[in-house]
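Below you will find one chain, with nothing else, as structure tokens; this is the form predicted on its own, and questions on how it binds or moves follow later.
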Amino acid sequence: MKKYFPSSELIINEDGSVFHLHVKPEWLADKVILVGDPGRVALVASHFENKECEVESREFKTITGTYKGKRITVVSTGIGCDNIDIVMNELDALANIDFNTREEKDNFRPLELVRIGTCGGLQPNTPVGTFVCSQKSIGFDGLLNFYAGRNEVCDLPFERAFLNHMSWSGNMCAPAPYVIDASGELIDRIAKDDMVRGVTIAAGGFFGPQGRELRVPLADPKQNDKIEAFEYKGFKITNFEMESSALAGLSRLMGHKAMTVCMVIANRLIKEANTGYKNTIDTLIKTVLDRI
């Protein structure tokens, strides 16, 4: 018997669109680009030959169109893994739940999702302007811990090694981080041989969780020093951002392919930053559009 999804769990608007995104099932392409900034949706879509739909609700803006014969949907997520939880569940529902019967479709429809974002570099090989593909993500957000199957898709030995290295105990820097791989096939296709492949920490905030200290002291003042020094089976942590773990984790649980690629706009190791990055991120956008 097919699972039925009541209106309290899957909220469908009166016009037939999904609750937060306001996107209708027929508007969703198989290839999806995610960006944090709603203003960046128009930048991505400026390369489309045509647009078939455009809708905006809160921080979620969506445009579907065609680029070099490929049908692509670009969606803004806002900031943070909590928003990725909304976007991923609603995109999966659009693809794999019949909105008329509220039942799962007979045939699974896989999506390919690439998040284009910005990040802070943590190693000498990630100076400002570097493109970093998140081969693995360490989730400081705890989101995946609320879903069944979390242990089956996560890299548990890596998690244990990281926690042992950080020497966190009790409620210090809780919840416990999780480690998840992005789609290997997508990483190979997007990164090729001209992007850094690394381990990304998806932080639950921009300041304390990323080791930034303003007026409130950090729980672990040595956090970033330990993160920069961590190494496991040849992997080192390359960058901070705020969404990659939830995207990779939920996609693995749902059966989709997903990855994150970011441009470094600040290097925490040498304490440099570039606030004028918006002109150069278009190079990364065009690269992803060509390779997705």
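Just so we're clear, the structure is a prediction, and the values are computed from it rather than from any experiment. Residue numbers run from 1 along the displayed sequence.
Heads up, the form predicted in complex with uracil (URA) isn't pictured, but that's what we're talking about next.
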In the model of the complex, the residue from L250, I33, I265, I63 with a non-hydrogen atom within 4.5 Å of uracil (URA) is I265
Answer key, uracil (URA) contact in the model of the complex at 4.5 Å (heavy atoms) among N96, S183, N89, T118: the residue is T118
- Task: Spell out, yes or no, whether the shortest heavy atom distance between F108 and uracil (URA) in the model of the complex is within 4.5 Å.
- Result: no
Is M242 part of the interface with uracil (URA) in the model of the complex - any heavy atom within 4.5 Å? yes
* **Close approach of R212 to uracil (URA) in the model of the complex, 4.5 Å, heavy atom** => yes
_Please tell me whether any heavy atom belonging to Y147 falls inside 4.5 Å of a heavy atom of uracil (URA), as the geometry stands in the model of the complex._
no
Testing 24-32, 219-227, 233-241, 53-61 against uracil (URA) in the model of the complex with a 4.5 Å heavy atom criterion leaves exactly one stretch, namely 233-241
